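So this first bit is one chain, no partners, the form predicted alone, shown in structure tokens.
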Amino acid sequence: MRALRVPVLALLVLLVAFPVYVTLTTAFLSPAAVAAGRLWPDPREFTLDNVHAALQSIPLLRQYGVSAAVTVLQAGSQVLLAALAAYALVFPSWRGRGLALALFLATLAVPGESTVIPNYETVTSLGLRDTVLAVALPFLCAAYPVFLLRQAFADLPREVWEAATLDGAGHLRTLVRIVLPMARGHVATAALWSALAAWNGYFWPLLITDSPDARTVQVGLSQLVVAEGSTPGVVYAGTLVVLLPTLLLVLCGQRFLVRGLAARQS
């Protein structure tokens, strides 16, 4: 079995890398070069015209700003509320703590589609439809970051919290100055998870917005497919532009993500 491990891994890498290679090459090739269908195109055929056409076809830069605002607001709120909830579920002793944790875990089993209509009616009744806040509002708190940080806080030595309490530190000071620095790997993991989920959201931003200026890049990408479906190079260039922040987030946060998962498994 060990002899087959390298060929199997190489095949898996090839299966993953080939679509990425096709996307990169098609995004920077002229329509004539794309139509030729060569697997290894001439480097002289590469051009930035497709990227320019994608930026001109839809308000991609404006939608980039909307996605960035939603991502920062949503991920920041989720991590902040998750840290407060996880601290309350681990360190102070209070009646009903186990029930509260069970309710948090139960929400993980609730399909997101079942909350779409109540969220839509609530946001609309508040007069926030077709705004940036409407895109982020239903997702300011999520159960998974709470669960992740709760597990991380539970692994910390309780003696540290007890020593801080004896020294007169309040809950907020203990959380900010002691607990969060000790669990920074998991905090980074929760932030990365929340940011990726916010950036890649599609259905809710499509439902709650009408104007192109209020929509995110994921919705804008679908508009680009409709408008430029006959020119694959432009569509691939738009896809690459939209994917770029996601790739940067994963590459920059990979160290924290691996450390957080490894710390949990040890």
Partner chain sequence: MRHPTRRAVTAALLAAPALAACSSGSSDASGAGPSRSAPGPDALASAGPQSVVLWHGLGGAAGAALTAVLDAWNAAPGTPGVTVQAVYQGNYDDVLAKYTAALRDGSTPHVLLSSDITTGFVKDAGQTVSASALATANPGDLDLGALRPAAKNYYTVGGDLLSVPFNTSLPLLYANDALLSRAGVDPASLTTVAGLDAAARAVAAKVPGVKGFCHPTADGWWFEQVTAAAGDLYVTPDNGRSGTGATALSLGGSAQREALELLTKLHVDGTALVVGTNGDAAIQAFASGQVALMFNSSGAIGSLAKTGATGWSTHPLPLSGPAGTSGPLIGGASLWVDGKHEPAAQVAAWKVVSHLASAAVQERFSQASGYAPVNVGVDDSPTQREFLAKNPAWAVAVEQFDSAATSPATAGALTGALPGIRSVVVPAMDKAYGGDETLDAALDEAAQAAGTVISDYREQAGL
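Bear in mind that the values here come from a model prediction, so they are computed numbers and not experimental data. Numbering follows the first chain given and starts at 1.
Although not depicted, the form predicted together with its partner chain is the subject of the following passage.
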query	finding
Proximity of D210 to its partner chain in the model of the complex, heavy atoms at 4.5 Å	yes
Residue contact check: Y87 to its partner chain in the model of the complex, 4.5 Å heavy atom	no
Distance check, Q151 to its partner chain in the model of the complex, heavy atom within 4.5 Å	no
Contact label in the model of the complex: E121 to its partner chain, heavy atom within 4.5 Å	yes
Candidate stretches 106 to 114, 157 to 165, 181 to 189, 87 to 95 - the one whose heavy atoms come within 4.5 Å of its partner chain in the model of the complex	106 to 114
Sequence-ordered list of residues in 182 to 208 near its partner chain in the model of the complex, where near means a heavy atom within 4.5 Å	W193, A197, A198, G201, Y202, F203, W204, L206, L207, I208
